[in-house]
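Only one chain is included here, represented as C-alpha cells and corresponding to the form predicted on its own.
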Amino acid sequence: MNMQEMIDTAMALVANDKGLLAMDESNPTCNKRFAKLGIPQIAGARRAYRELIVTTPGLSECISGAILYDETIRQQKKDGTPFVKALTDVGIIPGIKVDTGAKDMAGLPGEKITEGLDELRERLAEYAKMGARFAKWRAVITLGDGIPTRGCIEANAEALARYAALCQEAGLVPIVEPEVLMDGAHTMDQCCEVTEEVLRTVFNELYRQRVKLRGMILKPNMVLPGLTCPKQESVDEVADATVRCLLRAVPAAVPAIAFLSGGQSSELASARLNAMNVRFKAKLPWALAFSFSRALQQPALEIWKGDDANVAAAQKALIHRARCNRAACRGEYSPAMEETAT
C-alpha cells in the first residue's frame, strides 16, 4: 500500500459519517467482562461473541472499520469463514490492535508505559498479509496527584510515534490513541490542560518520526471531569471544552478524530459526540467520529450472556447503538432515539 492508498483508507474509515467498532479487547479484559455476566471465560465463548458482532445485519451501514485482537483476527465463523473475510465482504475494513498492553513504569509510581515495539515490524507484515489495513496502539495517561509526569508523557508519545512510523512503512494506517483516563476526581479544566499537553507532545514526536499526518487517525479521549469529581459539566460544556482543546493541539492535516468512549455510558458518549457535531461540524478541519468499544458493545453483551437464543436481540442492541453514533456524527442524535429503541 502506497501513501495515497493509506490516505484513501484513512478517509474511508470515517466516510459517510460512519465510525469504528473497537472489538480489540485482550483476552484477560474480555474474560473479566464475561465473568461479570456469568459467561464462560474460554476461547469458544469469545469466538461466539465475535461472530455475533461481525454477522450483525446492517452493521456496515454505520461501521466503516473494526479493530480486532490477535486471537480474533485468526478466528472464523462456524461455517469456516475467517472473520476478516466476513467483515470485508460487507464493506467493513479490518484493523488490528498491535500493542501488548500498558505496564508499570520503572521509577514513576502510578504511571504506565505501553509496550509492544519489539518485533513489531514483523508482526505488522503478518497482519497485513492476513488482510488488516489499519492498526491501533493505546497509550494510557493517568491524571492524579503529581501525575502525569513529563517522563511518562514523553515516553508514551515516542512509543506512539515509533509505532505509527512502522505502520506506515508496512502500508497500514495507524490509529494513534493517547488516552487520558477518566478515573479520579480531577476537574474538566485539569483534564483539558493535560490532554492538550499530551497531544502536543504526541504530534511533536510524530513529526520527529516523519509520520505522514494525512495517513493516520487520532483516537483521543473527550475532555471530561473525573468520574468522582463533584462537578459534572453539561453535554454542551464538554463539547465546547473538547473542541477548543483539539483546535489548539491537533494539526489540520489529520483527516479525522475518532473518539474513544473511555468508560462513558453509551448514551452520554453519543450525546457528547452529537453536541460537538451540532455546534462545530461545519467549522472544523477534521471529521469527528467514534471508535467506541464498551459504549457500542456493552448493551449487546448484557443481552447475549453467552446464550445462542439471545443472539438476535443482542444484535438489535448493537445495531441500535451503531445507528445512534452515526446519527451523532451527523449531529442528528436525540434522546428520543433511545426511547424508541426501548
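Numbers follow the displayed sequence, beginning with 1. Keep in mind that this is a model prediction, so the values were computed, not measured.
Another form exists, predicted together with a small molecule; not displayed. Remarks below refer to it.
The closest non-hydrogen atom of Thr72 lies beyond 4.5 Å of the small molecule in the predicted bound form.
Put simply, Gly226 is far from the small molecule in the predicted bound form: not one heavy atom of it is within 4.5 Å. In the predicted bound form, Ala161 stays away from the small molecule, with no heavy atom inside 4.5 Å. Contact check for Ser261: a heavy atom falls within 4.5 Å of the small molecule in the predicted bound form.
Think of it this way: in the predicted bound form, the small molecule has a heavy atom of just one of Lys136, Arg133, Arg272, His186 within 4.5 Å, and the residue is Lys136. Residues with any non-hydrogen atom within 4.5 angstroms of the small molecule in the predicted bound form fall in just one of 49 to 57, 34 to 42, 287 to 295, 308 to 316: 287 to 295.
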